[in-house]
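The chain below stands alone, shown as structure tokens; this is the form predicted alone.
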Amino acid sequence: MSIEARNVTKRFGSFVAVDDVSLVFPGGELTALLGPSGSGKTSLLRIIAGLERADAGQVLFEGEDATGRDVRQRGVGFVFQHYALFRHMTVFDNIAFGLRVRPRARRPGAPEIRAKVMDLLKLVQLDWLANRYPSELSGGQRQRVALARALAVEPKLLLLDEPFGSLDAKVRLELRRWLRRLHDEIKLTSVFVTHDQEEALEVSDRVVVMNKGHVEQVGSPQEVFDQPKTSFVMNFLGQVNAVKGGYVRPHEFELARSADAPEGSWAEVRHIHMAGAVVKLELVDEAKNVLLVEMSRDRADALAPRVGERLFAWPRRLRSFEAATV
């Protein structure tokens, strides 16, 4: 199901959370709303869900105006950051809840509910925990239960609000890869909010970068990272060096012991972090600017940089923007 937000505006008092935003979410895609706190991404998600009313604009589902529909009429599955599971219910009963509270005319029978729940538990790889309670699960398992519960009512649209925000880094990494595989299997139109750039770039088909209630850029993960349209996008999506004439990402610098390029500067190595496959260096150039440089372990081993020595640094790629600010 395709979704369209058309000229949507939302205010909270004098604060404009969403400012005349127009977006199309293609059917079957997983779209990330990415931005810092206060950028409007969660407000936009809640307006699409029907949990908030826009002050202006429309929300269309499959081309039909859904602005006046309440949340129960929109066919939306919602997954929150903090699970919102019923503590007194088993995993099975949590997932079955949405089916059991349907109006009698649309309520499945007990055998059908059981089959549906068990299929979902297998889908989220938790069928062996059907009789456990939320308190007996890990954070990652609880979030998968919350997702299964959202899918149980067969939503037309799945919305996720910082779904992995309360989990530790390793579990977040495992779950976002799992979510990507799950989405590839079920192909449900999905929109998720995150402030984690790496998460958005790894999981989504498309990324919507938001800032101060506006959309800065829409594109594939590769497009927004490699071809940022504004200085905000450039700065928000990973580390960046602001040098004379533009911006350079850490992996786009070259280092050598001789001045091998027309544009560049000498810089002193202040710190070297050798852990992992990527080596990170911090240098200070002659204008006292800090330069962050990243290179592969093989390149670092070949160069063998030392703290305190001077190296020549030059950019392989330099980007500039109108009225660019850091």
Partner chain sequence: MSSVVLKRHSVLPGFGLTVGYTLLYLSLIVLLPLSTLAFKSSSLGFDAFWTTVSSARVVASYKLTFGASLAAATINAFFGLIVAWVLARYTFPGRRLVDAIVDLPFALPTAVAGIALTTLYSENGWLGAPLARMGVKVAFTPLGITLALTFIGLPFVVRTLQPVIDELDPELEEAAASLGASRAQTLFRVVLPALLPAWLTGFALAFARCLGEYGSVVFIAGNMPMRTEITPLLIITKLEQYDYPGATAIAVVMLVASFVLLLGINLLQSWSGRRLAA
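Positions refer to the first chain, counted from 1. These numbers come from a predicted model, not from an experiment.
Beyond what is shown, the protein has a form predicted in complex with the partner chain; the following relates to that form.
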Lys280, heavy atom within 4.5 angstroms of the partner chain in the model of the complex: no
Quick one: is Arg249 in contact with the partner chain in the model of the complex, heavy atoms, 4.5 Å cut-off? no
If you check in the model of the complex, is Val224 within 4.5 Å of the partner chain, heavy atoms only? no
Leu51: heavy atom within 4.5 Å of the partner chain in the model of the complex? yes
The one residue among Gly219, Gly98, Gly165, Gly140 placing a heavy atom within 4.5 Å of the partner chain in the model of the complex is Gly98
Give me the residue from Lys229, His88, Lys212, Arg114 that has a heavy atom within 4.5 Å of the partner chain in the model of the complex. His88
Using a 4.5 Å heavy atom cut-off, which of 236 to 244, 176 to 184, 199 to 207, 128 to 136 contacts the partner chain in the model of the complex? 128 to 136
Sequence order please: the residues of 30 to 48 with a heavy atom within 4.5 Å of the partner chain in the model of the complex. Arg46
